[in-house]
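First, one chain by itself: the form predicted on its own, in structure tokens.
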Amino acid sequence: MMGCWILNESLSIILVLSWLGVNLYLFIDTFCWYEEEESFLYTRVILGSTLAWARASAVCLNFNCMLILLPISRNLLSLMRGTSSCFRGPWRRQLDKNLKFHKLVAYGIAMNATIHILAHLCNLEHYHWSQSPEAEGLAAALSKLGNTPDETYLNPIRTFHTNTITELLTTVAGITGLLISLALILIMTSSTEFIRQASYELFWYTHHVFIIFFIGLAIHGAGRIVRGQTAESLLLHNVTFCRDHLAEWQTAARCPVPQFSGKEPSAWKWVLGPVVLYACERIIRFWRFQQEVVITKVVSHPSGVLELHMKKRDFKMAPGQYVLIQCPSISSLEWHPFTLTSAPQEDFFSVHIRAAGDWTEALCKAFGAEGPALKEPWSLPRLAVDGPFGAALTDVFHYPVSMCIATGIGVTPFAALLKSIWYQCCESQTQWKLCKVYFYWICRDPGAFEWFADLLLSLETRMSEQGKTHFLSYHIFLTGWDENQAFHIALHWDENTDVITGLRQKTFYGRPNWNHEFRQVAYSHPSSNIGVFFCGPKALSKIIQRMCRLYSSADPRGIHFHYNRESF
């Protein structure tokens, strides 16, 4: 099982190890440089190795801040997914793990920021101690430099009686460091799964503190607290000799008083490119925000699901893509992702929205979904749409066999896929790489089947007419029912069509036996690459992922289940 996991995830493992390797290289290389560089020899006399710890973590922090915005640049990812021939197969699946990489880089930022903060707190203490009466020798002499006009200081703490915290908060580095730290803590704590599920709005707003974070990061080094000997001073002042001849500094020609300056800030050089790229993303979003969206139809489904049909000029989509929607009358800042449920062949695009939070509940209310009658189109609130963007499900047609698994409202990404299949079945000349689709839907509420059963019924009929009944195998599982429903189901069990969905395929009651399902698929398609596409809760996602590893062959020529999860 471990061998199958390594085989399936080999590219992901290589990319993560590469990221770790670059971080490790940057840290060790920078650490060694600051431990050996002559211009920082006198700085090391006061600070010791904590100078190298602070600078090495700062470089790794800059590197990860350069990466953090790239995985959430949706237009860039969609461009790479749609136009580059390099992103096929395993490489293409890496684009679907963009949020995982975003989180991984965030952990790297948090770890390096912690090291950087702790190292500088130690540096402050060392600076402060070197001004104390107990300090003597070279460290004390270096700390006293800068008291006369012809000298430059090395120690930013000028007297022993200075309050280091107060002194720090009067500097650019101290103020920006505090702002960066607070912004990072706020972003990290509000990104936990508990906060995101309890209040997505809180997560959304606090995440935009990243603007303060990047501004603070860009100007953090402008304070130049950490100082080293200037290049001109090194030519005149031989540190190897002069460090042991402190008494001759004022008299010997070869030991003039050393001069110091702060290191030029470099963080902005690391983050400038990604920040400009992300700014372009926001400009594109603003441009799309200005474009008119015409709402052509509103349907209220059971289980608090709202269906919206919309039209927008030059809007082109592919099955499995998603859009970001904003309703200015609810919030002028929030954009929420929703999978498109229409097919590219239709002259509109649609989404299905379940009331599952403050924003979605407000949207359903604004469209009159909770009232006795839906509002007229002219009285509906304005919507803005950004996208469409690529997602994992767009790769369904790239496999000879695909397993599509959904729970509850998670079925919406597959609606567009099944509709597209229906339309393409009407075109007898259509040639696909995809030969077989297994569709599983696990749902708790029988009322939720209403809107989706019609689609399955029309697809079932079309497949039968085209002689392609073997192409789609669907399995619907109902996990919640009461006694009256159970009696009704039992009474009509022998009928030709299912009592709940009206389909020829009968509904299963209870949860699927995933071992049995995967075993059957593996037996039916030996030596095949099978795409597994899932949209639902994390607990079931882990089970499906484990099944993919369990039933994949360690032999490259054997059967392989490639797991893909919808995440945006």
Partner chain sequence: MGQIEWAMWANEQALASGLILITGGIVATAGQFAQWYLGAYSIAAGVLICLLEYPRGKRSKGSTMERCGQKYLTRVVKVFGPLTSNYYIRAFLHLGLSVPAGFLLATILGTACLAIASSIYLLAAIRGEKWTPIETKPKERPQVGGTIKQPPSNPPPRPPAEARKKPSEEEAAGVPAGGPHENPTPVTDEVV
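All values derive from a computational prediction rather than experimental measurement. Positions refer to the first chain, counted from 1.
Although it is not shown, the form predicted in complex with its partner chain is what the next lines describe.
Student: Heavy atoms within 4.5 Å of its partner chain in the predicted complex: does Ala139 have any?
Tutor: Residue-level check for Ala139: no, no contact with its partner chain.
Student: Any of the heavy atoms of Thr159 lying within 4.5 Å of its partner chain in the predicted complex?
Tutor: It does not: once its partner chain is placed as it appears in the predicted complex, Thr159 has no heavy atom within 4.5 Å of it.
Student: Counting only non-hydrogen atoms and a 4.5 angstroms cut-off, does Glu281 reach its partner chain in the predicted complex?
Tutor: Although its partner chain is absent here, Glu281 would stay clear of it in the predicted complex, with no heavy atoms inside 4.5 Å.
Student: Taking 4.5 angstroms as the cut-off for heavy atoms, does Ile185 touch its partner chain in the predicted complex?
Tutor: Residue-level check for Ile185: yes, a contact with its partner chain.
Student: Among the candidate residues Leu178, Leu272, Leu79, Val294, which is the single one with a non-hydrogen atom no more than 4.5 Å from its partner chain in the predicted complex?
Tutor: Residue within 4.5 Å of the partner: Leu178.
Student: Only one of Cys435, Ala231, Ala247, Ile195 comes within 4.5 Å of its partner chain in the predicted complex by heavy atoms, so just point that one out.
Tutor: Filtering the options by heavy-atom distance leaves Ile195.
Student: For the chain seen here without its partner, which of 402-410, 124-132, 337-345, 71-79 has a heavy atom within 4.5 Å of its partner chain in the predicted complex?
Tutor: Answer to the contact question: 124-132.
Student: With the distance limit set at 4.5 angstroms and only heavy atoms considered, check whether Thr164, Ser199 and Leu202 all reach its partner chain in the predicted complex.
Tutor: The answer is yes: all three residues contact the partner (heavy atom, 4.5 Å cut-off).
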